[in-house]
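The data below hold one chain only, encoded as structure tokens and taken in the form predicted alone.
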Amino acid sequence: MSPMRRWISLAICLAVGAAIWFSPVPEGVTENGWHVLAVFVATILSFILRPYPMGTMVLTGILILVLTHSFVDETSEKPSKEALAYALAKSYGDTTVWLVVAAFLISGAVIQTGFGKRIALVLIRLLGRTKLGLAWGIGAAELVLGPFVPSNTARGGGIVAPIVDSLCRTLANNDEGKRRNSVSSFLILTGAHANLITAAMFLTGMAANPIVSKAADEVADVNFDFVTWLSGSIVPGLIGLFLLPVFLRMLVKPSGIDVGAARGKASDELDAMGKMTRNEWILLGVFVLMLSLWCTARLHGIHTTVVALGGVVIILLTGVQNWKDMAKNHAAWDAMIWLGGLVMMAVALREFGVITWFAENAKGWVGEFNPLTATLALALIYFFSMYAFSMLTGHINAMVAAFIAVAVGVGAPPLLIVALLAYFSNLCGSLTHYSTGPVVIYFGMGYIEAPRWLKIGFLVSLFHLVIWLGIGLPYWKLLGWW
């Protein structure tokens, strides 16, 4: 971004925040809450306009709120210190934030050791006997890595996308003129959209998913933990992953190129890696242990975050990765800064009455509908509002808590609205080519033009709605969620 565009974007964010800050405070909202809302809106807008990285803008927002004493009352003796203590406690003392940090640290080991790449190549070699098989192999790789690589960008963009690109180049025989053949487009689209399905399937499938879980607990009093999340997503998710390549094949109509060369390429790369190393075996054991503990949490009571931190400790103590290398994982610490700050702002919005005020006023929009109709209407509005966002995280932070509050306020089944918003928070990324990191990476490879991506993306979004509403709703009825 040019300096001029950066300053213009920053000025727009500040102007919007100032307009809210200095506008009359509505009845039912504290002045501090209104100021937090102003900074929150400006911060989310900065995620769209991107004048600076997310961490920079979140820290700026925290500093403004601390210096203006927006977290303490007027009688405080040490307002700046108390405001900072509030911000730090609510931001970086939160278990949700540390779950994401721990998962990022583990995913760094997955990438560094080559274990993630090995999993993807093995599945492609096993399944890639046909064009559909190659696509299913890509989806299977995403599925296996989904619970353990919480950054869908690291998983899709750092592990799977390079393999998909290599397969496409092999199919085109490294001829740039043939790179845009229909088989390549088919595999690229499969990789991008399968990433979003697996992100939706697991609490740890995308960095911002724990924000939805936290909002469910605080706003709707719903414990949407790892097991609950997966129990609701497993059926529509697996069906969606299986049918996605079939649906995309109808849209793209891949030509009859022999895919044997691509499968051979994957096999050659796997052979070049050699046998599994000691560190990879340890990682496999850590994954099995973590998944087992997550799935049996209700029996032993060990918190999800504690399990993840335990995985980090095992990796360090066994030397799979040393602390110096782990500390270089900037994605983990970056996520800690921006996610922690946003969690703090969301908590403040709730504590200072802003979420309640919004929910009470928004009831009139859907209050005339019956609870189920209102639930579906709100979920669809939430889904398609993603067109206005350039990042899934910003979309979740800006809207999910408020939408849960509104839905619960009009009598929506709490578990149902939480499930819909949790899964739609990722699936809505299918709409555009600028929605999330891996989608941007796949689009940036240059196989598909933007207008075509948008058209196919809209059709894929309808595919998701058919699967997750047509199959998901009856399945969630069986689970007793509504």
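In this text, the rigid core denotes the largest set of C-alpha atoms whose superposition between the two forms falls within 1.5 Å. One rule holds for the numbers: they count along the sequence shown, beginning at 1. None of the values given here were measured: they were computed from a predicted structure.
Not pictured, yet referred to below: the form predicted in complex with a further copy of the same chain.
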Only one of 38-46, 22-30, 59-67, 441-449 has heavy atoms within 4.5 Å of a further copy of the same chain in the predicted complex; I'd like to know which. 59-67
Against a further copy of the same chain in the predicted complex, would residue 285 count as a contact residue? Criterion: heavy atoms within 4.5 Å. no
Residue 129 near a further copy of the same chain in the predicted complex, any heavy atom under 4.5 Å? no
Proximity of residue 414 to a further copy of the same chain in the predicted complex, heavy atoms at 4.5 Å: no
Counting only non-hydrogen atoms and a 4.5 angstroms cut-off, does residue 312 reach a further copy of the same chain in the predicted complex? yes
Check each of 280, 334, 269, 218 and return the one that places a heavy atom within 4.5 angstroms of a further copy of the same chain in the predicted complex. 334
Answer with one of 384, 369, 294, 98: the residue that has a non-hydrogen atom within 4.5 Å of a further copy of the same chain in the predicted complex. 98
Looking at a further copy of the same chain in the predicted complex, which residues in 286-311 have at least one heavy atom within 4.5 Å of it? 301, 302, 303, 305, 306, 309, 310
Would you say residue 14 moves between this form and the one not shown, meaning its CA shifts by 2 Å or more once the core is fitted? yes
